[in-house]
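This document opens with one chain alone, in structure tokens, the form predicted alone.
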Amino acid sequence: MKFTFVTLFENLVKHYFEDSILSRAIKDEIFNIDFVNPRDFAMDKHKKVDDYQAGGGAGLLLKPEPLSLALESIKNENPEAYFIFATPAGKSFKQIDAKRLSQKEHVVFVNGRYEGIDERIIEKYADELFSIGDYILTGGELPSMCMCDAVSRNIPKVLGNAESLDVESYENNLLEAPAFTKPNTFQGSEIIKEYLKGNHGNILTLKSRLSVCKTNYFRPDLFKKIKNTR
């Protein structure tokens, strides 16, 4: 699988993939990433990629011409490339989206800057629009990295233990059950005793119950979805 980041600031993104699990996955060629800079497609001598908003308004927008040429270069290389834009207008990005997108051959994250992107580019090229939360960031790189991380870990062989995907939070709208490690007692607080008895059937049953309780307490919105499906 391939991820492409269309960004003016490659360095903001590439260092995230230089360590830990995702770095190993890239070295093992399970997936790869590359970068396309719209500035490389600017036609004027100053390589200008932004301009004032038509009709007035604070802040600059990314111009359509260089960005269009950048995206067309990707489409020419792979007509099946799937373009994702991070925008407040997008639907909330969910785990189900991460799993679905992990089946794609080539996902392209188009990153806005300043006050965003000329709307005509979004209308022409966007396959999906996503938001990672109701707040404003200085650019699309952070949302794109979040989404790429969530998608990539669902690609087979990226995680060392594929079974861990089955018990993660948000599977079946549930949060993951409480988890512990050694020591058994820490500052007077003990691990749940059933976890230490070695009966894996009982442990799984207990974790299932605790997962439901935790979801009800921390995320009642998810808990309502569980109740509605029962």
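Since the structure is predicted, the reported quantities are computational estimates derived from the model, not experimental observations. Residue positions are given as counts along the sequence shown, with the first one as 1.
One more form of this protein should be noted, the form predicted in complex with ligand SAM, which is absent from this view; the next part is about it.
Listed stretches are 100 to 108, 151 to 159, 87 to 95, 72 to 80; the contact stretch with ligand SAM in the predicted complex is 87 to 95, by a heavy atom cutoff of 4.5 Å. For the chain shown alone, Glu115 is a contact residue for ligand SAM in the predicted complex, at least one non-hydrogen atom being within 4.5 angstroms. Ligand SAM is not shown here, but in the predicted complex it comes within 4.5 Å of a heavy atom of Leu137. Contact check for Phe130: a non-hydrogen atom falls within 4.5 Å of ligand SAM in the predicted complex.
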